[in-house]
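As structure tokens, one chain now follows by itself in the form predicted alone.
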């Protein structure tokens, strides 16, 4: 029987609750957003006692379904002021699901200055005072917990950035290799820090496991689904070979690679940081060009990157991080970016928000363009030690812009715009504007259709069809985020007719349900409208669904493209 674990940090009590009937058919993002919308006052301070931090595995987490190991975390975001859901790979989602944990809800705030740890197991959750690991980075925390509690222990933790409640702090989750995946966006690490929880340790020994309503039907659907993932050229070939960093050269050619803090659309140093170069470097140094972020991942777009001496430097080395410090900050040395990525993992800070913040800081003259060594020093000596400069950069691109009077600040709802220029790829601009999460490429990844010709083709430089494209993808993504699936299943789902029905068949076989495609679409619509209603109640308006004005006034090379949507055209997104 599934259960809800509730932790009250004000009086340091815990409870095991039955799953309310209205939550029984929900998982992942649908569940975290439903709980936040119901239990969190929209106007509360995101770092105050009335905010709640919710973790929920997806509907298929813990099963043998390929790529189903995502864990959702939700709360009111201290960065955007609106609702936030961020999902991640690692080991925690599958452990929660095997333990029958539908959701873990953390509420309240401790009195005094003490810090705590949560221990989750088959009998529920306990609270323990924590002293020994305070101030340590994420890698040291995971190593210490594995030594103390065993290699199989699941870990959810915050680094020094979360302890300092920096608004770009993330929540780190241990992956199968003992390294880190991140609930990266929206400052959820600061929310966990405000609850004064350093880590959550998970022990699934004796877990009841997953019961399937129809095991044979599940197996049949699972085989079809996995075959679709492997047959698609993006999920079966491009991503496994070059990782997400395959996109550097593709976006450069399309003129959509934001360069020098979104001044240009192409980067002269693209060959030095692209996926092809990264792949050859990894192979030459004895790293791993393929690596799964959770058990059961068949795409394996992650990798392990070694330094020149053949020693581990970083893993999960994503396109958005490489773009952010590479093209956006003009750093053409891949090893410098990899070291910075490692430091951001250890500090527990969002590598997209922080990379864009560095771009704004370079525009402000705080450090030279292209100076990777100074980026590394600032991460270690300023952000890591909580100096005034470090706290400004660690609070995100918007904070840097406001502090130093920069007007070219690429944010929406105060969240940094990721690695695709919305003037040259207009569909993603609609997603940045309208997503309840703030600027988030994963919320409705129009790059698939605008650039990769997946699911058809919509000209990235024209306005026609972009609102509809973003709307359809955001609805689909909200539903996929609720299943515990990786967003990259969207590639075969858009092109291979058998893929999406197989996904729905697995959900039906898991729960004995009779869901249709329309039901799944309806879930996505419900989630989006629920999240938008929370944001409106929190004080956000349609004026927050806009790109910064420089996108309309400053053409970007090579197409001389500008952002030319009217407010009415953007607002039409919500006509469903």
Partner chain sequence: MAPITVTIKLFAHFRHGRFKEADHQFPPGVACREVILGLGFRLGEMGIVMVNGQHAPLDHPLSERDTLALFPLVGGG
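Positions refer to the first chain, counted from 1. Keep in mind that this is a model prediction, so the values were computed, not measured.
The form predicted together with its partner chain exists for this protein as well; it is not shown, and the discussion that follows is about that form.
Taking its partner chain in the model of the complex, would 238, 249 and 445 all count as contacting it (heavy atom within 4.5 Å)? Spot residues vs its partner chain: full contact, yes.
Its partner chain contact at residue 461 in the model of the complex, heavy atom, 4.5 Å: Taking the distances in the model of the complex, the answer for residue 461 is yes, it comes within 4.5 Å of its partner chain.
With heavy atoms only and a cut-off of 4.5 Å, decide whether residue 243 touches its partner chain in the model of the complex. Although its partner chain is absent here, residue 243 would touch it in the model of the complex, with heavy atoms inside 4.5 Å.
Is residue 408 a contact residue for its partner chain in the model of the complex, using a 4.5 Å heavy atom cut-off? No - in the model of the complex, heavy atoms of residue 408 and its partner chain never come within 4.5 Å of each other.
Flag residue 412 as yes or no: does it have a non-hydrogen atom within 4.5 angstroms of any non-hydrogen atom of its partner chain in the model of the complex? No - in the model of the complex, heavy atoms of residue 412 and its partner chain never come within 4.5 Å of each other.
Between the options 205, 268, 276, 143, which residue brings a heavy atom to within 4.5 Å of its partner chain in the model of the complex? Only one listed residue qualifies here, and that residue is 276.
Of the options 323, 96, 225, 420, which one has a non-hydrogen atom that comes within 4.5 Å of its partner chain in the model of the complex? The residue from 323, 96, 225, 420 that makes the contact is 420.
Picking from 131-139, 166-174, 289-297, 449-457, which part of the chain touches its partner chain in the model of the complex when contact means heavy atoms within 4.5 Å? Looking at the other structure, the answer is 449-457.
Just give me the residues of 200-235, first to last, that have a heavy atom within 4.5 Å of its partner chain in the model of the complex. Heavy-atom contacts to its partner chain in the model of the complex: 233, 234.
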